[in-house]
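Quick setup: one chain, the form predicted alone, written in structure tokens, and binding and motion questions come after.
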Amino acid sequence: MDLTLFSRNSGYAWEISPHGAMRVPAVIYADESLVRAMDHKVYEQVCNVAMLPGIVQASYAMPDAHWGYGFPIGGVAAFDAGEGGVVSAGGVGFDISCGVRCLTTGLQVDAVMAVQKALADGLYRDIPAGLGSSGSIRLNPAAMDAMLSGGARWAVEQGYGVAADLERTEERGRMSGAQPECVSAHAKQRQRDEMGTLGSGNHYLEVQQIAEVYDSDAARVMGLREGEVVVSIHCGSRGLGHQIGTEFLKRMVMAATQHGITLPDRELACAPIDSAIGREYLGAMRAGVNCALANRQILTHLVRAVFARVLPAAELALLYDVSHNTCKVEEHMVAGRARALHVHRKGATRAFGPGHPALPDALRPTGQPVLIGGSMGTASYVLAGTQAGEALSWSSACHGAGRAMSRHQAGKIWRGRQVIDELAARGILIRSPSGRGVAEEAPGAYKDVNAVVDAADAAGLARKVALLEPLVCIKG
């Protein structure tokens, strides 16, 4: 990207002054090398978001930003309903509440490596993964609506996990305001057999070793000890979330015209927050969030069952579960005054700082765990939210490495077997139903996650706590 398009506010904040129809500035948080490597579409999209009605303060992009649908992946924007603010399905994304949860095990890495193959095979056998994958759960209409209303709380009530898990889950396991009646019959039908499944694309289940600790105090509070093993689960709301996004994007294109909204890009289709369609979308989206929370909770139960067979000494406790693709009503300080804002995070993670009332008591002193997934075969990170992040980005941080090339490009460069063999030579076992999917998710198809996380840390969005390296990866 052309650096002359920006004014550099600091070593890690690159600002685009309002021009044309922009209502507020746009800011990209990254180091110089990351900004240079970004596609110009990121510039266009972060500027387009700044043109939407009711946007507050600025349009933001995180260090892992890359081209997306409407919003850039890694885009963050907040809107005020009282000032004509809008809600945009493109600002949430198709995989509603795609997110990561991390489980500690208390196991040393040597104990896991002694049964690495058996553990990989057991997880692959019991965790449904891949395009169109289905699980053993079948939801009738009443159970579907109960799940969409109850989220992870519903899953725990059905026997999938324990009540303690809910305290360590965003929204304590249930997004309020969900309206299952706003979710179409087709969306519900797509999800009927998909609970407790990983899905495809960049979704994964990974067994990881804690290779390095950067903040010993925060790591101690989070239960992270160097040389021990954790499990990370990355997935979302599967077919239901995708269908909600698809349907409401079409409706919002027409709604924008009806409400006199000029769209800089059709993919930024939106509606006033207080309009009928705006309220319907929020009700459906919140149901999608609950679907994702329930899905990750069920997967946690399945993972615990595998560990109980292969490594019965393991005690899988939930560190935290946080979503990436959401729009949430949050209270933020604007010019010294608390305001309720609809914060869109698309491919970005909520990162509340120390003392935030939304955090569980045990984690409140350190700040929210920010779970950053690497690409397959590369490191992941646990960070902690900062108080400075409130003013910088509505308490938001990056969510992963960010793609450096499209899946189509990656598929032309790598072959699945090649990637699996190369990672096996490094001691990392991959299990996947799709060789093509593995090729499309090759480590080289992503940005350097270390550079992305270093930029987020240096910018003050979140601070590094621990580095995680993969041992086993179940890939959709």
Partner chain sequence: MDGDSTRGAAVVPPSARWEHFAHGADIGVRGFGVTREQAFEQAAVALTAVVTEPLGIAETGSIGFACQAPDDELLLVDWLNALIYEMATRKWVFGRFTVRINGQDLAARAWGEALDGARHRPAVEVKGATYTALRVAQAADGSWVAQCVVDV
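Positions refer to the first chain, counted from 1. If you're wondering where the values come from, they're calculated on a predicted model, not measured in any experiment.
What comes next is about the form predicted in complex with the partner chain, which is not displayed.
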property: Listed residue (Arg168, Arg153, His203, His342) with a non-hydrogen atom within 4.5 angstroms of the partner chain in the predicted complex; result: His203
property: Single option in Thr246, Gln179, Gln158, Ser275 placed near the partner chain in the predicted complex, where near means a heavy atom within 4.5 Å; result: Thr246
property: Heavy atom of Phe94 within 4.5 Å of the partner chain in the predicted complex; result: yes
property: 4.5 Å heavy atom contact, Ala111 to the partner chain in the predicted complex; result: no
property: Close approach of Pro433 to the partner chain in the predicted complex, 4.5 Å, heavy atom; result: yes
property: Exercise: Gly416 in contact with the partner chain in the predicted complex, heavy atom 4.5 Å; result: no
property: Options 377-385, 128-136, 390-398, 327-335; stretch whose heavy atom lies within 4.5 Å of the partner chain in the predicted complex; result: 128-136
property: Residues of 176-196 having any heavy atom within 4.5 Å of the partner chain in the predicted complex, listed in sequence order; result: His186, Gln189, Arg190, Asp193, Glu194
